[in-house]
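Take a look at this single chain in structure tokens; it is the form predicted on its own.
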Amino acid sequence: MHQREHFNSRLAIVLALAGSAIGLGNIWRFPYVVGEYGGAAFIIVYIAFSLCISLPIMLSESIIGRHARKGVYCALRDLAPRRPWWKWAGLVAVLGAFIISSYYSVVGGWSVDYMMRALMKGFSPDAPDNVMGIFGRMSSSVWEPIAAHTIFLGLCAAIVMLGVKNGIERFNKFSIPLLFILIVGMLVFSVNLPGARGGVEYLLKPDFSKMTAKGLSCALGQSFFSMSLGIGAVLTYASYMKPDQGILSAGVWTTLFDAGFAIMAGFVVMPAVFSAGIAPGAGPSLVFESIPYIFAKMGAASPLLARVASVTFFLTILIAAVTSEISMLEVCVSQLVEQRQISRRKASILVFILAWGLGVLCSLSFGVLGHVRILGSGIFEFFDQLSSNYIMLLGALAFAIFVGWQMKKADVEAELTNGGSLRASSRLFKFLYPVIRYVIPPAIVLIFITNLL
């Protein structure tokens, strides 16, 4: 019989949840959607959604996970044995985690590629304009991004294979503090670049004219994507919590860490974007074009500073990518370990092989498979939209309804308040429970309908 592991301390679970939330969504995705939807206007809406909608959903996932002490599929199956449709909702969440881990690994591979470039030879100061073309040439080639994707995914699978304590917990204890040190250093560097003031002002001055219905939907989707909601990552990590570890405090700290890191990443990327004279809504390739351009220009005056700055930046991206990727892989691995009763080692290898295969297709969609369209979108874009705009929303809706209407109110309160021992959680429960039942579901349905229009 499989013996379930657990995190050793309150700090360990907070760092693990923060690691799941802090990732490429903060550095790769957040800056360019901020640029597309009005700068500070998007940030304000994003923070509001994170606190009012994403946090209660995160708490819902945590309540289910710790109460069941199992991964998402088995948790919903066992807690609602007479309603078999719930387990299928869990299976969809696992599918979402698998899809995201596959194409997310491709972007993680880009960070590996750029990290190696920064370490080996840096970005040439002789022709900084050519640096802007590196991403297009690299991402559209066949073997280079696939090799990087393989290295990145292999590293993440190896961490998951080591287990909850020896792999995930140990890595997050080291990586999350390092991430904040690195991002603060890069922020100081970026805001002092020539022409960076425009980027700072762009982030501080809201343009609500760009916050359309699509912008609102994107803000909520970004919050879900960044905090890994609706795919069982939070639920799975919470299933490894001890009974005396507070769900509410872990959720609040995670939300604050995630939002804070995302905003700091914005103040790293956007000043550099304005310094380089690049459009702030340039798309997913933004950080892989604007930042190297700055490093190339800097290299002419100070090669050593340029090398240190470029290595620091792409190390930050790489670590952030790994912390999130391992949480999504863990959803899939725990599913196989619990349902199929196979070893963690075998489950990790199997998930690696399957995610690698789908990731290869996503990688090739920037090159030789660029002509392949799925419902009008490229392979990578299709899976990104499918997971972030639909599967994550449906998963979050399912978790909120499950906690609000399927589970007993007494069980929900007991999990959130640790059996009534946490007074602050007991007071907040009276507010949170109606929000989970009556506010979250219609809000998600409204955003979902907006995505379909």
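Just so we're clear, the structure is a prediction, and the values are computed from it rather than from any experiment. All residue numbers are counted from 1 along the displayed sequence.
Keep in mind that the form predicted together with a small molecule is missing from the display, and what follows is about it.
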{"property": "Listed residue that, although the small molecule is not shown, lies within 4.5 Å of it in the model of the complex (heavy atoms), from Leu76, Leu229, Cys218, Ile168", "result": "Leu229"}
{"property": "Listed residue that, although the small molecule is not shown, lies within 4.5 Å of it in the model of the complex (heavy atoms), from Ile57, Met392, Val34, Ile64", "result": "Met392"}
{"property": "Full three-residue contact with the small molecule in the model of the complex, heavy atom 4.5 Å, for Ala21, Tyr104 and Ala233", "result": "yes"}
{"property": "Candidate stretches 319 to 327, 344 to 352, 200 to 208, 152 to 160, one within 4.5 Å of the small molecule in the model of the complex by heavy atom", "result": "319 to 327"}
{"property": "Distance check, Ala250 to the small molecule in the model of the complex, heavy atom within 4.5 Å", "result": "no"}
{"property": "Non-hydrogen atom contact Val268 with the small molecule in the model of the complex at 4.5 angstroms", "result": "no"}
{"property": "Phe295, heavy atom within 4.5 angstroms of the small molecule in the model of the complex", "result": "no"}
{"property": "Distance check, Ile100 to the small molecule in the model of the complex, heavy atom within 4.5 Å", "result": "yes"}
